[in-house]
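There is one chain below, alone, in structure tokens, taken in the form predicted alone.
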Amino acid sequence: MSLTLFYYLSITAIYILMSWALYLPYRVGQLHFMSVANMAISAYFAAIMAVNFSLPFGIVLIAGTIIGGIIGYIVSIAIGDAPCFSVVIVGFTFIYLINTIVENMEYLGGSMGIFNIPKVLKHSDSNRAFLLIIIYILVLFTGILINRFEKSKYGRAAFTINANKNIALSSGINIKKMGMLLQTWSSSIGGMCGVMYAFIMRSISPDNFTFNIVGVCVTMLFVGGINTMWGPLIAAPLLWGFPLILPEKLQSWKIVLYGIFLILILLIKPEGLITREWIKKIKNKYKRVIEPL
């Protein structure tokens, strides 16, 4: 497998997971960017543990995911039921703080970052194949969990909160606990992605965890469809791959292109390309095909 294909497939998977990390809190009307801050924290945790302490990949992955969840939970105690704008500000503030702290700590590599993160497997091809298998297992596992959540009473409660908080309160739904649950889950996904990113790229720097990630993930979420988990599965491969086929001079403008895509989709089709109605139509057609069989 070529290095270019490996990076495309693996980073696409990470963006699917990170888009889902934004999607979950958005189910209750919150844009929660703590997942990006936790991605940075866990990435640096993974790099330090692997480079300085030679901790096994599996332990680092589990620990990084838990760290992300713990930080997300602590923050959610304060903003579990906060308005969307307040949640956005908290997320942006944490991203800025983490980047500032990292840039000013020599132990974390400062503005240069950390390099030579060890491979999980010694042979390069085996290492790439192993990491690809792991990241897509994580995508599959996370997707199954989100799908089960959406079909559960908790998913219906989240939908009610997003639709009308007054109705949710009158129905006995605890808005803060639901917000805390989804924010913690989102942050744990961010932590998991941070560990995977560190081992995939084998080097990290503060520039890897800036507001650009927020812009890319928001674009993938809104272009794919804000009301269904299936949107990022379509949008991430297309949007991440699109700049790769552009002339080299235009590739540096990909963030601008993402911004244009986002504005266009909000103006033309605010619900995104993939909607719940579209998913229902596909399911109905599928049932009609298999019923005669």
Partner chain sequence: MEVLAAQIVNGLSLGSVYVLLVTAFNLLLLVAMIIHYSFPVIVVFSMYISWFVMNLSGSIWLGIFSAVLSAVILNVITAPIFQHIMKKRGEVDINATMVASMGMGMIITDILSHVFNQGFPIAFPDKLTGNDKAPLIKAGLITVSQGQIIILLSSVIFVIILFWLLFKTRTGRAFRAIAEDPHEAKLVGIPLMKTGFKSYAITGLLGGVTSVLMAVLLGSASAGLGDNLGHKVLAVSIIAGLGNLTGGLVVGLLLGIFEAIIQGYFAGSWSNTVSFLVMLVIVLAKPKGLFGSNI
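Predicted model only: the values in this text are computed from it and were never measured. Residue numbers count along the first chain shown, from 1.
FYI, the form predicted in complex with its partner chain isn't displayed, but the following is about it.
- In short, of 54-62, 41-49, 27-35, 236-244 it is 27-35 that has heavy atoms within 4.5 Å of its partner chain in the model of the complex.
- Its partner chain in the model of the complex comes within 4.5 Å of a heavy atom belonging to residue 222.
- Interface membership of residue 215, defined by any non-hydrogen atom within 4.5 Å of its partner chain in the model of the complex, is confirmed.
- When contacts are judged by a 4.5 Å heavy atom cut-off, residue 159 does not count as touching its partner chain in the model of the complex.
- Taking non-hydrogen atoms only, residue 75 approaches its partner chain to within 4.5 angstroms in the model of the complex.
- Taking a 4.5 Å heavy atom cutoff to its partner chain in the model of the complex, the contact residue among 136, 211, 115, 107 is 211.
- In terms of contact with its partner chain in the model of the complex, the residue from 180, 146, 120, 90 that brings a heavy atom within 4.5 Å is 90.
- Taken together, the three residues 82, 262 and 270 all lie with some non-hydrogen atom within 4.5 angstroms of its partner chain in the model of the complex.
- In sequence order, 252, 253, 255, 256, 258, 259, 260, 262, 263, 266, 267 are the residues of 248-267 having a heavy atom within 4.5 Å of its partner chain in the model of the complex; the partner itself is omitted from this view.
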